[in-house]
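Next up is one chain by itself, shown in structure tokens, the form predicted alone.
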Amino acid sequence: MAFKRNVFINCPFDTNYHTLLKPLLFTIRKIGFTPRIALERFDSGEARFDKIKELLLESKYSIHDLSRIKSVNEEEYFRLNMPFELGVDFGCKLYHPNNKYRSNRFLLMEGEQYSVQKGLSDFSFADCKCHNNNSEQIVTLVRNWFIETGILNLPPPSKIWDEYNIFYSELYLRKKPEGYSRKDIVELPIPEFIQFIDEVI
């Protein structure tokens, strides 16, 4: 049953993406699913690719955000990790000997309309949702995608977004008296952040 409720998240881990990642995680937990992300645990002795494969094999659903495949600054490298992990996931769906992976569902997201078609033309056939790097929009995209995969009777996007903002205010109210600084709260490790989501919802 865990497999059918797990959602693998393939996304950037830079600080600027945290404003999108946090409502993304909240939305997944709010509708009763479990986010699986490489940041859920850290062990310098664990090969990262082995961890990625494990998370993929344990998840029926995957969200791939390719919004960092385009470099911004001169001489900056564009990000290859996200397209690579998407390819591994797609290969698992097509070629894994266990037929249960044939029914896996993907959500592809981008920050700029049609950027994935330009940067990853092999996936030009696939529908890709654009969140425009907007936190509220990512809540809408993820919630609506679950509806489109057959997970019905979910709260409307505006309600989830409102509850996320209340949740985040509550996070500050509870953590500040415990000695957490503003920086501590912004940089809260993902397992701790998810734990707090579960305490509040």
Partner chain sequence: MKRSDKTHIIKREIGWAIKREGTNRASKIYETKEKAIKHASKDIIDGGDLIIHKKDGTIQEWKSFKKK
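Numbering follows the first chain given and starts at 1. Being a predicted model, the structure only gives us computed values, none of them experimental.
The same protein has a further form, the form predicted together with the partner chain, not shown here; the description that follows concerns it.
A.B. asks: Taking a heavy atom within 4.5 Å as contact, would all three of F84, S115 and S121 count as contacting the partner chain in the predicted bound form?
C.D. replies: No.
A.B. asks: Which is the contacting stretch out of 128 to 136, 142 to 150, 27 to 35, 59 to 67, given heavy atoms within 4.5 Å of the partner chain in the predicted bound form?
C.D. replies: Selected stretch: 128 to 136.
A.B. asks: With the partner left out here, check for me: in the predicted bound form, does some heavy atom of I166 sit within 4.5 Å of the partner chain?
C.D. replies: Although the partner chain is absent here, I166 would touch it in the predicted bound form, with heavy atoms inside 4.5 Å.
A.B. asks: Although the partner chain is absent from this view, report whether F49 comes within 4.5 Å of it in the predicted bound form, heavy atoms only.
C.D. replies: It does not: once the partner chain is placed as it appears in the predicted bound form, F49 has no heavy atom within 4.5 Å of it.
A.B. asks: Can you check whether E40 is within 4.5 Å of the partner chain in the predicted bound form, heavy atom basis?
C.D. replies: Looking in the predicted bound form, residue contacts with the partner chain do not include E40, since no heavy atom lies within 4.5 Å.
A.B. asks: Determine whether any heavy atom of K159 comes within 4.5 Å of a heavy atom of the partner chain in the predicted bound form, and answer yes or no.
C.D. replies: Close contact exists here: in the predicted bound form, K159 approaches the partner chain to within 4.5 Å, heavy atoms only.
A.B. asks: What are the residues of 175 to 201, in order along the chain, with a heavy atom within 4.5 Å of the partner chain in the predicted bound form?
C.D. replies: Stretch hits, in order: R182, V186.
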